[in-house]
Each structure stands twice: as structure tokens, then as C-alpha cells.
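A single chain comes next, written as C-alpha cells; it is the form predicted on its own.
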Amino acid sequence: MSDFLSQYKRTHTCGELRASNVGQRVTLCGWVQNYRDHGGAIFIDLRDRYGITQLKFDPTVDEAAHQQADRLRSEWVVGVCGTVVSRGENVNPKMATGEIEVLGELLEIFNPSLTPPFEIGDAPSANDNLRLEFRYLDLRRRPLQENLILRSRMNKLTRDYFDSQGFLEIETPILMKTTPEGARDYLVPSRVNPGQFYALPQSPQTLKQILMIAGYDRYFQIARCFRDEDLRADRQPEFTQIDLEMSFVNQNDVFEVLEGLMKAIVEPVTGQPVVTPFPRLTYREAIERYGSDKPDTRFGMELGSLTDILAESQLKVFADVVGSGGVIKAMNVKKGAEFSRSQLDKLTDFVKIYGAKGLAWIKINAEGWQAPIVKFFSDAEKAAIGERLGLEVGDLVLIVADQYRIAHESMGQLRAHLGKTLELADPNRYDLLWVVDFPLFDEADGKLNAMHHPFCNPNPADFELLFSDPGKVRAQGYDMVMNGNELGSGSIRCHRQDIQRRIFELLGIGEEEAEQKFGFFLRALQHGTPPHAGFAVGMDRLVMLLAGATSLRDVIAFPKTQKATDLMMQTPSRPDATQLTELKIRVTQ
């Protein structure tokens, strides 16, 4: 085996050499990107994570090196010694190293490679499953490398910012107690305590609150979390969040710290200014204006209410909806009068996905209003609708009449869908905002569920309702939203044990269950718990948005599939019989 690296230390990376290096003798190491034989001289594009440098092997300069180069194929990993020379008139302006090439004088083949199952290029050239199976090859592609480099940079910016704000970085356990966080836990069996299990943390929630009880005042962590839930493009079973907790603060204090964090990350990464303070919307305002608690405010097309205007409409379906306590929501799509009937039919099918019974439409043409329903509207109703929605010739009105939740959700989803298909949002703009005053509980199937999690403090103005009408209680909870994506959630926490127990009770968690799952936490609350608050930013999602990626897979080194499998490592897998015996576990399937 050659001792090349002991004799020839790497002097430069493959993205480093410039015209100023001409004449220098250098040593480069990397992977063969391309091989070209020009009838004598052989040209190799050598790649590492820093860039690409062109190598030239000329038989008149070194015959042995030329013969070695003639063996090379894509993805072979090599080292080369040579002299930097100018390309003269053959400059490649698309490459940072395009003014020079290295005239190879000594070539070392560290390792050959099998023929790759797909081309290692900027654009993916294989389906997702094949790329995940050969993830080590996919990770050689420049776009993925740039995303992971960006992620590393963002981690450093995060740590530097929190250090400047007096936060302590404290690691919390990965093996902990199961707690309800809205998804299933991943369980880890204990060999030492047979029949008992740890849970992987869905978040460090109770532990970071205990750090506040312990007096650490300002905590943060770039925390690994785990949730056994169905996956989407913006979900993974294991994920990373920027986690923080603060004592003796109110909501505005938390916002100030987080707005500073976003400024410290987004501005240097994107070059775009982050204007603070962020706008604030109440949960109800966000729902009624945008049909979503994570609205994309880079474009308008806000929802308008026609409930009062059409409460006594001659169109029976509208009047009946209002009479039964429902609402009528409308949206003005500028220049939408050009939509064809088939396009409108597809939009109707779209809102039905979200429970709407149908979608009414009106085209505003120069000749007048065009729609089957127009004949039911009086001139006064038309005038009021036109003023409410700011209608002009060429506009399209879309209307859903239904129960409150269905009408707002279906129209909110339709707004987001049209914003994407009509390309209404500026991709180089980053709109950040706060959504506040969430309900403490979500009522579904006749029972109360925590809107965020069970540790949110009720709005002090609603404390009495906690005992008389809990469905109306607002939480001191808040979300940060960027470009229609929830970046994270937080809240003022319950620091009183009696309030925490009442919330557990309303969620159907009895005293015995509360003691079993949260006894350690409830006891801690009795030992001088300060008022405190916190937040968690989804790091994976933030990197995805700032990188312009469309999937979390593109910003995570080793992601899982939608079935929570790793195709490269072939996990999950069945442990061997010895391991199961040690753990006192019997597999029934």
C-alpha cells in the first residue's frame, strides 16, 4: 500500500486554486467527476466538497501518470501532484477555478469505485428511493452539500447568538419518560429493568421547565426529538429543534429574543433584511382573514365575509347556511375571470377535499357579472359585495358557504393552492409574523384536547372560564410563521401546580395517570417555580425554507422514507434472538 499522504500532504482543496497560483506545485485529493480523452492528453475534473479543479495528464510530461489516468472512471478517489498552469484562452467562466488547470505529474489511486447507479450531478438523476439507498453517493451532489454546509453555518449562528444573550447550552436526556405530546412515542426497552421502557423525547418540554425551577434562567439546546407519526414532506420521525426557555419573562420578552435570533440567522444567510418587530395576528384574525393559523402574507387575496350581506339572500342555500349558524366566505382572485369552466370545476373538487359542499363563483366581466347564481342577487347585495371585496373588471369571486370551521379551512387551503399555482408569492421574500391568543383547548369528538400541549398557561383574563367554560379559554401560546409555514411554537408555561392539575383534569388525565406520567414534574412545581416561558424553532424546516428546498430530505444527512425506513441502513430491522431474550421481549408477528 502506498504511503502517498505521508510524502505528499494535500496543499489545496479542489475549489481553491486561482490564476495567482500559476507555477506552484500542488497536491489535490478528491473524486473523479468526469473523464475526457482528447486523443493524447487526458482531462479529469476532480471534485471535493469545496469545488472542482481540472487536471491534465500529458504523456509528454509524465508517461506513468498518463497511463494511470487512462484507468480512471467516475467516482474513483485519487490524489494528484502537479503544477498549476494557465488555461490561456480556454477559460471556463462557470467554474471558480476556471482560469487554471493542474498538469498532473504523479497520480495515486486510493480506491476505485463501482459504476454509480446514477449520475453524481447537480440535478437528481434517479428516483427518491434509489437515492436514499445510495445516500452516500447522493450526498456527493453539490446542492445537498450546500444545504448541509448552510445547516452547519446556521447552527453556529444560533450558538453565537444565544451566547451573546446570556443563554446556557444544556443537554437533556435522550432516554426519558413517556409523555403525551400529540404523537406516539418511540419506546426503548430496558435490559436492566425488564418489562420497563424509556421513551425517546418528543421534545425536552418538562426537562427544560425543570431547568427553570432549578434556577438556570436562560437555557437553549439544539435538540434531537422523535415522534412516531405519519410522515409528509415537512415531517420526519427524528428531527432537530432550536429549544429555549426563559424565567421571569412575559410574551414580549420571548418575542424580542426570537426576533433577534431570526435576524441573526436570516440576514447573513439570505442577504435579505429582517424587519422587527414582527406583525402579530390573533388566532381568530388569522383564521378569518386567511383561513389558516399559518398564513402566507407575501400575497393578498384575503378572505372576506359575506355572511351579513347574504343572510337573507334569495339563494336558499346561502340563507339556510346563515340561518343554521354557518358563514359565507369569499375571495377575490384578480384577473381570475379568465379561468375556464374546467379550471373552476377542479377548484370545486379541491374545496370538497376539506369538507365543503361546493364552490360558487362569479366572473366580473365588462358586460357585467357572469355566474349561474347572479340572478338571485339584488342590486344592493351586488353593490355591497363589490365594495366589500374591492371588485374590478376581470376579477373572479370564489365563495364557500358552510359551517365556520369547514368554510375557513377550505377557503384557506384554496387560497394557499392558488397562491402556489398562480405564483403570487415572491420566493426571495421572507415574511415573518406571530400568531397569538390560540385557544387552550381544541374541542373534537365531544372531548377537550390540548391545542399545543398540556403545559400552556391560560390567559389570566380567562382563569375563571377554566372552571366554568373551558372551551372558551385562550392560551398564552404563540406560533412563529414564515411564508405560510409554522416555524415553531411556544407559550407562557403553567408555573402553579393547581392550574397544571386542572388542565390535566380537563384533558381527561386523572390523578393516578398524572402521578404516573408527571409525578416528578408536579412535585417540582411545588418547590419555588418561577414564572417562565419558552419556544422551539423547527431547525430542519427553517433550513429547508432558507435553502429553497422542497423537502426536509434535502437538508438532513440521513433522512427516512414516508414509511419511516432508512433504505441505506435497512432499518428498522428485527433484532436477533439473543438480544430479545436479554430484553425479555417476545415478538408476536
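In case it trips you up, residue 1 is the first one in the sequence shown, and so on. Just so we're clear, the structure is a prediction, and the values are computed from it rather than from any experiment.
Not pictured, yet referred to below: the form predicted in complex with the RNA.
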Taking 4.5 angstroms as the heavy atom distance cut-off, pick the stretch from 264 to 272, 216 to 224, 151 to 159, 450 to 458 that is near the RNA in the model of the complex. 450 to 458
Residue 528 within 4.5 Å of the RNA in the model of the complex, heavy atoms: no
Counting only non-hydrogen atoms and a 4.5 angstroms cut-off, does residue 540 reach the RNA in the model of the complex? no
Taking 4.5 angstroms as the cut-off for heavy atoms, does residue 129 touch the RNA in the model of the complex? yes
Considering non-hydrogen atoms and a 4.5 Å limit, does the RNA approach residue 320 in the model of the complex? no
Just one of 354, 369, 504, 377 has a heavy atom within 4.5 Å of the RNA in the model of the complex. Which one? 354
The one option of 282, 485, 190, 74 with any heavy atom within 4.5 Å of the RNA in the model of the complex is 74
Stretch 35 to 70: residues contacting the RNA in the model of the complex, 4.5 Å heavy atom cut-off: 35, 36, 37, 38, 39, 40, 41, 43, 45, 54, 56, 58, 59, 60
